[in-house]
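A single chain, nothing else alongside it, follows as C-alpha coordinates in the form predicted on its own.
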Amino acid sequence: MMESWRWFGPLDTISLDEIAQTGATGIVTALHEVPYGEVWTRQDIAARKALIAEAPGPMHWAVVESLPIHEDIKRGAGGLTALFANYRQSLANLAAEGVTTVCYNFMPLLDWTRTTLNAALPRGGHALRFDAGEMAYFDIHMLARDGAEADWSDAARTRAEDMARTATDADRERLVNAIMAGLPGAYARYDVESLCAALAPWAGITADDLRAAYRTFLQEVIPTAEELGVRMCVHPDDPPRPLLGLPRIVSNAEDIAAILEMVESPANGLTLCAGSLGANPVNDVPAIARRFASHIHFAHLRNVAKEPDGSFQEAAHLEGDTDMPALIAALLDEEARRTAQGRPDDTIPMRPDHGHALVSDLTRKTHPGYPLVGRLRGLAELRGVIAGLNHGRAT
(Lines give C-alpha, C1' and ligand atoms only; values in the text may rest on other atoms or scores of the structure.)
Protein backbone atom coordinates (compact mmCIF):
# COMPACT_ATOMS: atom_id res chain seq x y z
CA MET A 1 0.00 0.00 0.00
CA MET A 2 1.18 3.54 -0.68
CA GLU A 3 1.70 5.49 2.54
CA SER A 4 0.23 8.95 2.12
CA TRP A 5 -0.38 11.99 4.28
CA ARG A 6 -2.99 14.72 4.16
CA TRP A 7 -1.50 18.18 3.76
CA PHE A 8 -3.59 21.36 3.65
CA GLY A 9 -1.14 23.21 1.43
CA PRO A 10 0.00 26.70 2.41
CA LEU A 11 -2.76 26.72 5.06
CA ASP A 12 -1.11 23.85 6.94
CA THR A 13 1.19 24.52 9.88
CA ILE A 14 2.78 21.10 9.30
CA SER A 15 5.46 21.50 6.65
CA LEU A 16 6.38 19.22 3.78
CA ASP A 17 9.82 18.84 5.37
CA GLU A 18 8.15 17.40 8.47
CA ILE A 19 5.91 15.14 6.41
CA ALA A 20 8.95 13.78 4.60
CA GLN A 21 10.29 12.61 7.98
CA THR A 22 7.18 10.43 8.51
CA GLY A 23 8.22 8.22 5.61
CA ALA A 24 5.03 8.86 3.64
CA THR A 25 5.61 9.35 -0.07
CA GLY A 26 2.14 10.29 -1.32
CA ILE A 27 0.70 13.71 -0.54
CA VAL A 28 -3.07 14.07 -0.27
CA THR A 29 -4.10 17.67 -0.79
CA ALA A 30 -6.39 20.11 -2.59
CA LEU A 31 -6.61 23.69 -3.79
CA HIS A 32 -8.70 24.71 -0.80
CA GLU A 33 -8.43 28.37 -1.71
CA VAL A 34 -10.46 27.93 -4.92
CA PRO A 35 -14.16 28.67 -4.31
CA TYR A 36 -16.57 25.79 -4.83
CA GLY A 37 -17.72 25.50 -8.43
CA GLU A 38 -14.78 27.30 -10.01
CA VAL A 39 -12.18 25.66 -12.26
CA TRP A 40 -8.90 24.42 -10.86
CA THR A 41 -6.51 25.80 -13.45
CA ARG A 42 -3.67 23.72 -14.81
CA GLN A 43 -1.26 26.46 -13.77
CA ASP A 44 -2.37 26.29 -10.12
CA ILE A 45 -2.29 22.48 -10.13
CA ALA A 46 1.21 22.48 -11.60
CA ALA A 47 2.40 24.99 -9.01
CA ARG A 48 1.09 22.86 -6.12
CA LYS A 49 2.57 19.73 -7.69
CA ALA A 50 5.96 21.42 -8.07
CA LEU A 51 5.91 22.61 -4.47
CA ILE A 52 5.47 19.00 -3.33
CA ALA A 53 8.14 17.69 -5.69
CA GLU A 54 10.68 20.22 -4.39
CA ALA A 55 10.34 18.98 -0.81
CA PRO A 56 12.59 16.24 0.62
CA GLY A 57 11.36 12.81 -0.06
CA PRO A 58 10.78 12.03 -2.78
CA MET A 59 7.09 12.86 -2.47
CA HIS A 60 4.39 13.42 -5.05
CA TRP A 61 0.77 14.57 -5.22
CA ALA A 62 -0.95 11.18 -5.05
CA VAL A 63 -4.60 11.97 -4.26
CA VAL A 64 -6.87 15.00 -4.49
CA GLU A 65 -8.90 15.41 -1.32
CA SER A 66 -11.22 16.93 -2.13
CA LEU A 67 -12.45 18.34 -5.42
CA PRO A 68 -15.59 19.79 -3.85
CA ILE A 69 -19.05 19.67 -5.39
CA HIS A 70 -21.10 22.87 -5.39
CA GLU A 71 -24.19 22.78 -3.18
CA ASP A 72 -26.43 23.59 -6.16
CA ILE A 73 -25.39 20.30 -7.75
CA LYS A 74 -26.26 18.42 -4.57
CA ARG A 75 -29.66 20.09 -4.40
CA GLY A 76 -30.23 19.72 -8.14
CA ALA A 77 -31.10 23.39 -8.24
CA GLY A 78 -30.34 26.31 -10.54
CA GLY A 79 -28.33 26.42 -13.74
CA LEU A 80 -25.99 23.47 -13.43
CA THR A 81 -24.53 23.35 -16.94
CA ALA A 82 -21.62 25.65 -16.11
CA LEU A 83 -20.93 23.90 -12.79
CA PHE A 84 -20.72 20.49 -14.45
CA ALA A 85 -18.51 21.92 -17.20
CA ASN A 86 -16.19 23.47 -14.62
CA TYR A 87 -15.92 20.20 -12.71
CA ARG A 88 -15.06 18.28 -15.88
CA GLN A 89 -12.47 20.91 -16.79
CA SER A 90 -10.87 20.63 -13.36
CA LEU A 91 -10.63 16.86 -13.85
CA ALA A 92 -9.04 17.39 -17.25
CA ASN A 93 -6.49 19.81 -15.80
CA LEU A 94 -5.64 17.41 -12.98
CA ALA A 95 -5.22 14.52 -15.41
CA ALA A 96 -2.99 16.65 -17.64
CA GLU A 97 -0.69 17.10 -14.64
CA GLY A 98 -0.74 13.39 -13.81
CA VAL A 99 -3.00 13.59 -10.73
CA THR A 100 -5.64 10.96 -11.35
CA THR A 101 -7.15 9.86 -8.01
CA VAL A 102 -9.88 12.20 -6.82
CA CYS A 103 -11.63 11.82 -3.47
CA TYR A 104 -14.87 13.76 -2.97
CA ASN A 105 -18.01 13.61 -0.85
CA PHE A 106 -21.70 14.17 -1.40
CA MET A 107 -22.62 15.30 2.11
CA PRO A 108 -25.04 18.24 2.07
CA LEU A 109 -23.64 21.50 3.42
CA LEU A 110 -21.36 20.12 6.16
CA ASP A 111 -18.28 17.94 5.95
CA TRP A 112 -17.24 15.74 8.90
CA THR A 113 -18.95 16.79 12.12
CA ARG A 114 -17.77 16.53 15.73
CA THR A 115 -19.00 18.20 18.92
CA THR A 116 -15.69 18.15 20.82
CA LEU A 117 -12.22 18.66 19.39
CA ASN A 118 -10.26 17.94 22.57
CA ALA A 119 -11.88 15.08 24.48
CA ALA A 120 -9.39 14.05 27.17
CA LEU A 121 -7.76 10.64 26.87
CA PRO A 122 -7.02 8.51 29.95
CA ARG A 123 -3.23 8.59 29.46
CA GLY A 124 -3.09 12.19 28.26
CA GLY A 125 -3.72 13.75 24.89
CA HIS A 126 -6.92 14.67 23.11
CA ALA A 127 -9.33 13.05 20.66
CA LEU A 128 -12.17 14.16 18.42
CA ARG A 129 -15.62 13.20 19.70
CA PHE A 130 -19.21 13.19 18.45
CA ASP A 131 -21.60 13.40 21.38
CA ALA A 132 -25.20 12.68 20.40
CA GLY A 133 -26.55 14.64 23.37
CA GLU A 134 -24.52 17.73 22.53
CA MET A 135 -25.52 17.54 18.88
CA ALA A 136 -29.18 17.15 19.88
CA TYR A 137 -28.82 20.24 22.09
CA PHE A 138 -27.36 22.21 19.19
CA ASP A 139 -30.10 21.02 16.83
CA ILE A 140 -33.10 21.35 19.14
CA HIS A 141 -32.20 24.27 21.38
CA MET A 142 -29.65 26.39 19.51
CA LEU A 143 -30.86 26.05 15.93
CA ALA A 144 -34.44 25.46 17.12
CA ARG A 145 -35.03 23.46 13.95
CA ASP A 146 -38.62 22.38 13.30
CA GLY A 147 -38.98 18.65 13.88
CA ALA A 148 -35.53 18.23 15.37
CA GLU A 149 -36.78 16.36 18.44
CA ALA A 150 -37.94 13.43 16.31
CA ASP A 151 -34.43 12.88 14.94
CA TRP A 152 -32.85 12.06 18.29
CA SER A 153 -33.10 9.19 20.75
CA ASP A 154 -34.68 9.59 24.17
CA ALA A 155 -31.24 9.52 25.77
CA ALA A 156 -29.92 12.25 23.47
CA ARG A 157 -32.99 14.43 24.04
CA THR A 158 -32.67 14.05 27.79
CA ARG A 159 -29.04 15.08 27.63
CA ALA A 160 -29.99 18.04 25.43
CA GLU A 161 -32.59 19.18 27.96
CA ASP A 162 -30.01 19.01 30.73
CA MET A 163 -27.63 21.13 28.66
CA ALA A 164 -30.37 23.64 27.94
CA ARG A 165 -30.57 24.29 31.69
CA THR A 166 -26.83 24.47 32.36
CA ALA A 167 -24.95 25.52 29.19
CA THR A 168 -23.09 28.83 29.29
CA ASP A 169 -22.29 31.19 26.46
CA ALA A 170 -18.78 29.70 26.44
CA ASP A 171 -20.22 26.18 26.13
CA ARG A 172 -22.34 27.25 23.16
CA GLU A 173 -19.42 29.01 21.48
CA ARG A 174 -17.23 25.94 21.91
CA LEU A 175 -19.90 23.70 20.44
CA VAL A 176 -20.41 25.89 17.36
CA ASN A 177 -16.67 26.08 16.77
CA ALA A 178 -16.31 22.30 17.03
CA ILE A 179 -19.17 21.59 14.64
CA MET A 180 -17.81 24.06 12.09
CA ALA A 181 -14.24 22.73 12.32
CA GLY A 182 -14.94 19.90 9.86
CA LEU A 183 -15.30 22.31 6.97
CA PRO A 184 -12.05 22.00 5.00
CA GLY A 185 -9.40 24.52 4.16
CA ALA A 186 -10.36 28.18 3.94
CA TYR A 187 -14.07 27.59 3.46
CA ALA A 188 -16.15 30.08 5.43
CA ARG A 189 -17.50 28.90 8.79
CA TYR A 190 -21.08 29.44 9.91
CA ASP A 191 -22.49 30.88 13.10
CA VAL A 192 -25.96 29.82 14.26
CA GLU A 193 -27.75 32.50 12.27
CA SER A 194 -25.88 31.90 9.02
CA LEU A 195 -26.19 28.12 9.39
CA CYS A 196 -29.96 28.47 9.72
CA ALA A 197 -29.93 30.53 6.50
CA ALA A 198 -27.77 27.93 4.74
CA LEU A 199 -30.11 25.13 5.84
CA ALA A 200 -33.21 26.90 4.52
CA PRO A 201 -32.76 25.94 0.82
CA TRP A 202 -32.57 22.29 1.89
CA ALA A 203 -36.02 22.29 3.46
CA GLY A 204 -38.13 19.44 2.09
CA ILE A 205 -35.28 17.75 0.20
CA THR A 206 -35.40 14.01 0.83
CA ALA A 207 -32.83 11.24 0.58
CA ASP A 208 -34.41 10.22 -2.75
CA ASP A 209 -34.02 13.79 -4.02
CA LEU A 210 -30.36 13.75 -3.02
CA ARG A 211 -29.87 10.37 -4.75
CA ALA A 212 -31.41 11.74 -7.93
CA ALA A 213 -29.03 14.71 -7.85
CA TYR A 214 -26.13 12.37 -7.21
CA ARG A 215 -27.08 10.18 -10.16
CA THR A 216 -27.13 13.26 -12.38
CA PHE A 217 -23.69 14.29 -11.12
CA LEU A 218 -22.25 10.87 -11.87
CA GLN A 219 -23.82 10.79 -15.33
CA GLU A 220 -22.34 14.21 -16.08
CA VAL A 221 -18.84 13.55 -14.70
CA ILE A 222 -17.93 9.85 -14.71
CA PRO A 223 -17.74 9.39 -18.52
CA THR A 224 -15.22 12.24 -18.67
CA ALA A 225 -13.27 10.82 -15.73
CA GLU A 226 -13.11 7.41 -17.40
CA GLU A 227 -11.90 8.93 -20.65
CA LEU A 228 -9.19 10.84 -18.77
CA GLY A 229 -8.08 7.83 -16.73
CA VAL A 230 -9.22 9.53 -13.52
CA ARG A 231 -10.49 7.43 -10.61
CA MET A 232 -13.25 9.16 -8.63
CA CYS A 233 -13.78 7.80 -5.11
CA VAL A 234 -16.65 8.94 -2.92
CA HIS A 235 -16.03 9.41 0.80
CA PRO A 236 -18.70 8.01 3.13
CA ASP A 237 -20.84 10.26 5.31
CA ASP A 238 -19.28 11.37 8.59
CA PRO A 239 -21.15 10.73 10.81
CA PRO A 240 -23.10 8.14 8.80
CA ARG A 241 -26.59 9.38 9.70
CA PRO A 242 -28.95 12.24 8.77
CA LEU A 243 -27.86 15.45 10.49
CA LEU A 244 -29.66 18.76 11.09
CA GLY A 245 -32.49 17.57 8.86
CA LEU A 246 -30.07 16.93 5.99
CA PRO A 247 -30.26 13.52 4.31
CA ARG A 248 -27.17 11.30 4.10
CA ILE A 249 -26.93 8.66 1.36
CA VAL A 250 -23.39 7.21 1.66
CA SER A 251 -23.67 5.58 5.07
CA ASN A 252 -23.74 1.78 4.65
CA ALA A 253 -23.10 -1.09 2.26
CA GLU A 254 -26.46 -0.77 0.53
CA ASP A 255 -25.85 2.93 -0.12
CA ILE A 256 -22.45 2.16 -1.62
CA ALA A 257 -23.85 -0.59 -3.83
CA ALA A 258 -26.57 1.75 -5.13
CA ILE A 259 -24.01 4.45 -5.97
CA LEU A 260 -21.71 2.08 -7.82
CA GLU A 261 -24.69 0.81 -9.83
CA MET A 262 -25.81 4.32 -10.82
CA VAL A 263 -23.01 4.55 -13.37
CA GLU A 264 -21.01 1.37 -13.76
CA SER A 265 -17.46 2.40 -14.55
CA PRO A 266 -13.96 1.84 -13.17
CA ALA A 267 -13.95 5.61 -12.63
CA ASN A 268 -16.89 5.38 -10.20
CA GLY A 269 -15.26 4.18 -7.00
CA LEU A 270 -15.02 4.37 -3.23
CA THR A 271 -12.80 5.93 -0.60
CA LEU A 272 -12.84 3.26 2.10
CA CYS A 273 -12.96 5.38 5.27
CA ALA A 274 -12.81 2.96 8.18
CA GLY A 275 -13.76 5.61 10.72
CA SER A 276 -16.78 7.02 8.94
CA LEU A 277 -18.23 3.62 8.11
CA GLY A 278 -17.19 2.30 11.51
CA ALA A 279 -19.37 4.86 13.31
CA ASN A 280 -22.50 3.14 11.95
CA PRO A 281 -23.44 0.15 14.14
CA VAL A 282 -24.78 -1.82 11.15
CA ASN A 283 -21.46 -1.72 9.27
CA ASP A 284 -18.90 -4.53 9.27
CA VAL A 285 -16.03 -2.52 7.79
CA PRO A 286 -13.73 -5.43 6.76
CA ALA A 287 -16.73 -7.12 5.10
CA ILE A 288 -17.55 -3.89 3.24
CA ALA A 289 -13.92 -3.68 2.10
CA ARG A 290 -14.06 -7.20 0.70
CA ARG A 291 -17.45 -6.69 -0.96
CA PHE A 292 -16.39 -3.54 -2.79
CA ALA A 293 -12.65 -4.23 -3.01
CA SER A 294 -12.37 -3.79 -6.77
CA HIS A 295 -13.87 -0.29 -6.50
CA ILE A 296 -11.62 1.00 -3.69
CA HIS A 297 -9.24 3.66 -5.01
CA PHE A 298 -8.17 5.20 -1.68
CA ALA A 299 -8.31 4.24 2.00
CA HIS A 300 -8.58 6.27 5.20
CA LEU A 301 -7.46 4.07 8.08
CA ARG A 302 -8.68 5.14 11.52
CA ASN A 303 -10.84 3.72 14.27
CA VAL A 304 -13.73 4.80 16.48
CA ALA A 305 -15.34 3.53 19.68
CA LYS A 306 -19.14 3.67 19.52
CA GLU A 307 -21.60 4.20 22.38
CA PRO A 308 -25.24 3.05 22.64
CA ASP A 309 -26.77 6.53 22.25
CA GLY A 310 -25.07 7.16 18.89
CA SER A 311 -22.04 8.95 20.29
CA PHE A 312 -18.55 7.90 19.20
CA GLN A 313 -14.97 8.92 19.82
CA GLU A 314 -11.83 8.61 17.76
CA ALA A 315 -9.84 5.66 19.06
CA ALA A 316 -6.21 4.76 18.52
CA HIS A 317 -5.71 3.23 15.10
CA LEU A 318 -5.42 -0.35 16.37
CA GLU A 319 -8.10 0.03 19.04
CA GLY A 320 -11.79 0.88 18.70
CA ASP A 321 -14.52 -1.24 17.15
CA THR A 322 -13.04 -2.09 13.73
CA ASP A 323 -10.67 -5.02 13.36
CA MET A 324 -7.92 -3.05 11.63
CA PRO A 325 -5.68 -6.04 10.78
CA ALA A 326 -8.67 -7.76 9.14
CA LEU A 327 -9.43 -4.62 7.16
CA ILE A 328 -5.84 -4.20 6.02
CA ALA A 329 -5.70 -7.88 5.06
CA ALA A 330 -8.71 -7.31 2.79
CA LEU A 331 -6.95 -4.39 1.09
CA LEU A 332 -3.71 -6.34 0.67
CA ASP A 333 -5.64 -9.23 -0.87
CA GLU A 334 -7.19 -6.82 -3.34
CA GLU A 335 -3.78 -5.39 -4.25
CA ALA A 336 -2.49 -8.93 -4.91
CA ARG A 337 -5.52 -9.66 -7.10
CA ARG A 338 -4.95 -6.48 -9.11
CA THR A 339 -1.28 -7.30 -9.56
CA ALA A 340 -2.19 -10.75 -10.85
CA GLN A 341 -4.58 -9.14 -13.32
CA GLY A 342 -1.96 -6.65 -14.47
CA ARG A 343 -4.01 -3.66 -13.37
CA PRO A 344 -2.05 -0.38 -13.33
CA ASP A 345 -3.79 0.68 -10.10
CA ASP A 346 -2.53 -2.30 -8.11
CA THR A 347 -1.29 -0.14 -5.23
CA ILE A 348 -3.99 1.45 -3.05
CA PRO A 349 -2.97 4.74 -1.43
CA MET A 350 -3.84 4.89 2.25
CA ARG A 351 -3.37 7.52 4.89
CA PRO A 352 -3.57 7.53 8.70
CA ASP A 353 -6.67 9.54 9.48
CA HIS A 354 -7.72 11.67 12.47
CA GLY A 355 -4.92 10.96 14.90
CA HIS A 356 -4.99 11.78 18.60
CA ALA A 357 -3.31 15.01 19.65
CA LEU A 358 -0.25 13.85 21.62
CA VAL A 359 2.87 15.37 23.21
CA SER A 360 3.86 18.49 21.24
CA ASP A 361 0.59 18.38 19.28
CA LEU A 362 -1.10 19.76 22.40
CA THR A 363 0.65 23.11 22.09
CA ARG A 364 0.66 23.36 18.31
CA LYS A 365 -2.21 24.72 16.25
CA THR A 366 -3.04 22.28 13.46
CA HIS A 367 -6.22 21.39 11.61
CA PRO A 368 -8.47 19.53 14.06
CA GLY A 369 -7.95 15.79 13.71
CA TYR A 370 -4.72 16.26 11.78
CA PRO A 371 -1.88 16.56 14.31
CA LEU A 372 1.67 15.55 13.50
CA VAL A 373 2.67 13.24 16.35
CA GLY A 374 -0.69 11.49 16.64
CA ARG A 375 -0.87 10.68 12.96
CA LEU A 376 2.77 9.62 12.95
CA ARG A 377 1.94 7.15 15.73
CA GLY A 378 -0.98 5.90 13.66
CA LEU A 379 1.13 5.54 10.53
CA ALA A 380 3.78 3.59 12.45
CA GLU A 381 1.14 1.23 13.85
CA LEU A 382 -0.47 0.69 10.44
CA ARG A 383 2.96 0.17 8.87
CA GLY A 384 3.66 -2.51 11.44
CA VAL A 385 0.41 -4.34 10.70
CA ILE A 386 1.13 -4.23 6.97
CA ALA A 387 4.68 -5.51 7.46
CA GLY A 388 3.47 -8.33 9.69
CA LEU A 389 0.75 -9.41 7.27
CA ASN A 390 3.15 -9.29 4.31
CA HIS A 391 5.72 -11.31 6.25
CA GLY A 392 3.10 -13.95 6.93
CA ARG A 393 2.23 -14.12 3.24
CA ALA A 394 5.90 -14.48 2.28
CA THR A 395 6.45 -17.38 4.69
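Being a predicted model, the structure only gives us computed values, none of them experimental. Start at 1 and count along the sequence shown; that's the residue number.
Although not depicted, the form predicted together with a small molecule is the subject of the following passage.
Every member of the trio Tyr104, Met107 and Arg351 reaches the small molecule in the model of the complex with some non-hydrogen atom inside 4.5 Å. Look at 62-70, 47-55, 324-332, 358-366: in the model of the complex, residues with non-hydrogen atoms within 4.5 angstroms of the small molecule sit in 62-70.
Put simply, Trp40 is far from the small molecule in the model of the complex: not one heavy atom of it is within 4.5 Å. The shortest heavy atom separation between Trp112 and the small molecule in the model of the complex is within 4.5 Å.
At the 4.5 Å threshold, heavy atoms of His297 stay clear of the small molecule in the model of the complex, well away from it. Although the partner is absent here, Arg248 is not a contact residue: none of its heavy atoms lies within 4.5 angstroms of the small molecule in the model of the complex. The partner is absent here; in the model of the complex, the one residue of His235, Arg159, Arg231, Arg129 having a heavy atom within 4.5 Å of the small molecule is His235.
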